[in-house]
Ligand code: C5P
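There is one chain below, alone, in C-alpha cells, taken in the form predicted alone.
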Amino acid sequence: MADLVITIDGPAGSGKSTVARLLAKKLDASFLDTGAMYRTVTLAAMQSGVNMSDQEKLLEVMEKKNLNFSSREGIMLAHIDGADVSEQIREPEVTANAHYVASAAKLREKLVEMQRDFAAGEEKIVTEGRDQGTVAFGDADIKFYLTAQAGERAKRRLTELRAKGRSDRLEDVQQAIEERDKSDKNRAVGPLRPADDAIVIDTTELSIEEVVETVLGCVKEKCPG
C-alpha cells in the first residue's frame, strides 16, 4: 500500500474530483479517479450490448475485457482492449448507465480490488469516489467527505454541460442529481456516507481554490512530514 493515502468522498457535484486532482498535484501524489473505473466498465458493457441490469453479464464483460488505468499529470486515463476511452466515458449516456455497475455487488468487489492494486504501486495517492474512506481504504491516513446543497451542485454540473455545448435545463440536472443521491445512499453495497473519522466540508459557499487550501491545511496539520 502507498505510504500516504488520502480519500475524498462525496456526492456528484460536491467538487471532490477537481479537489482530489489539484490536491494530488500539490502533494506530488498519484490521483485515483474511481468514477473513471466505473464508467469504463459501463462503457465496455454498453459496447458489448449486454443487458445492463444483468449482473452476471456485466461481470462476464469485466472479466473478458482488458481494462487498464493509469494516472498522468493529474488525469486518470482509461483503456479498453488497448483503446483510449478517457473521453468517451464522460458522455451522458455512460453516466446514465453507471449506476448499474455501481449497484452490482460482485463488480464493486472487483473494482475495489483494482483500486487497492493501483494504490499498492504508488508512493502517495489521493483517491476520490463514493466509498473510498468507508470501504476501499478504511485505514487511509486522512479521510475527507465533501458535500454541498443540491441546487449548487446542479449549477456546477450545468456549467460543465454548457461548456460541452449542451442545452440541458437546470431543473432536469438537479432532478438527476437528487435521484443519483438517493440511489447512492440507499444501495446495499458501499452506500454513500461519510466515514466515521472523515473530515466533512460543505463546499456550497466555497470556491475550488478555497476547498483545496482547506483540505491541504488539514493534511499538513495531520501529516506534517
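Please read these numbers as outputs of a predicted model, since none were measured by experiment. Start at 1 and count along the sequence shown; that's the residue number.
Form predicted in complex with the named molecule: not shown, discussed below.
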ask   = Taking the shortest heavy atom distance, is residue 90 within 4.5 Å of the named molecule in the model of the complex?
value = yes
request  = Indicate whether the named molecule has at least one heavy atom within 4.5 Å of a heavy atom of residue 143 in the model of the complex.
outcome  = no
The named molecule contact in the model of the complex: residue 102, any heavy atom under 4.5 Å = yes
task = Answer for residue 31 alone: is it within 4.5 Å of the named molecule in the model of the complex, judged on heavy atom distances?
result = no
message = Among the candidate stretches 67 to 75, 130 to 138, 146 to 154, 117 to 125, which one is within 4.5 Å of the named molecule in the model of the complex when only heavy atoms are counted?
response = 130 to 138
inquiry  = in the model of the complex, does every one of 44, 57 and 106 come within 4.5 Å of the named molecule, counting any heavy atom?
reply    = no
Any residue of 175 to 209 that, in the model of the complex, places a heavy atom within 4.5 Å of the named molecule = 180, 184, 187
